[in-house]
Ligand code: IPM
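Let's start with one chain on its own, the form predicted alone, as structure tokens.
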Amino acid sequence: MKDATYRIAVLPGDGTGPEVIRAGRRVLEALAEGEAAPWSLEEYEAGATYFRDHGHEWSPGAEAAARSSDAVLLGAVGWPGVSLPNGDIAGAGLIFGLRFGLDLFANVRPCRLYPGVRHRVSGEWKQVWTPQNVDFVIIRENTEGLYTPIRGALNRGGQTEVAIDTRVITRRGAERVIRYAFDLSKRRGRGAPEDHRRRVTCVDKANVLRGCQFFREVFEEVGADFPEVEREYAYVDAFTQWMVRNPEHYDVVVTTNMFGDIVTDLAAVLQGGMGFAAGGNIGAQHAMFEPVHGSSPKHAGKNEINPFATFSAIEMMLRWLGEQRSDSRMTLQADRLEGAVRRVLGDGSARTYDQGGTVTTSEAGERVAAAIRSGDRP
């Protein structure tokens, strides 16, 4: 794949999405300077505000391009007061449509703390965790669980009397996401920070829920194929406090859809907040990458949102393309980007409002781009 050019569908979306995507494009431009870019960016309007203005979530050609691209880069979706006729949030069709339509079964959320990143605890800026102690990944099943579209409500006389959501755990869904977690632990190689042991932690509520008992049974079966990776278990309620208290114990964590949705946002606290949290939606052949902070309406249009989650999402995308297509060019570009982010955060030169600084979204993008240009080229 050395000479391949990858098609990347870019969906800036709503609110602060276009702002962080502009900063992300500046970083991609800096990576490609001096040589032909091994990727082409195809940007499309889509999301809640597009639905509000046009009656459709996707602009012409956007959905087809996203489905046929080599990767998708998403900014954010959602806008207050804009809903679909069935009551669903407008713009959610981008995320769920691609997750289910492309079978993106693994939601991958790295939790990595960079030097120079601070945490706000009890209203004060503090360095609570040290960077070397926060380096793990949460893998969340992405296509079933409570988000399976098996739900409804009983309405009589204009009043909702009962609402029902049904959780679905299948052997196929559990097995493939658990196997992905064990494979990732092997690929990462470095293990948990506290003891450097490769370890996959199964997070569930198997003491109460039958679906979790089944998920744990499949975890045991799959884990037997990876004798070099340690297996352990945690009930989700206990895990929330263990993860915050001792993040250095964790290497790779795997869990079901809703539990994963909750604990990954809590994990963002360990890495400096949602402004640093990136996610990948990974399937066998397709993938979509995004900052997970959402459209942040109160910050939209102010050029102040933290774009580092977008830079990390781009790094994940480049690294995934490198692994998926056996293309060392993309892996090297991911390494360049990670190194530039690490340098800029480490020297404190790009602190946005959420880190107690005054650097704007666009300025942060320019500073990372400058760090790319001044760093080593592949």
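Numbering starts at 1 and runs along the sequence shown. Remember, predicted model here, so these are calculated numbers, not experimental data.
A second form of this protein, the form predicted in complex with the named molecule, is not displayed here; the remarks below concern that form.
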Contact of residue 99 with the named molecule in the model of the complex (heavy atom, 4.5 Å): yes
Distance check, residue 251 to the named molecule in the model of the complex, heavy atom within 4.5 Å: no
Any non-hydrogen atom of residue 147 within 4.5 angstroms of the named molecule in the model of the complex: yes
Non-hydrogen atom contact residue 261 with the named molecule in the model of the complex at 4.5 angstroms: yes
Position in contact with the named molecule when the complex is considered in the model of the complex, options 109, 286, 176, 198, heavy atoms within 4.5 Å: 109
Contact stretch among 155 to 163, 237 to 245, 139 to 147, 223 to 231 - heavy atom within 4.5 Å of the named molecule in the model of the complex: 139 to 147
Within 4.5 Å of the named molecule in the model of the complex: residues from 311 to 349 (heavy atom criterion): none
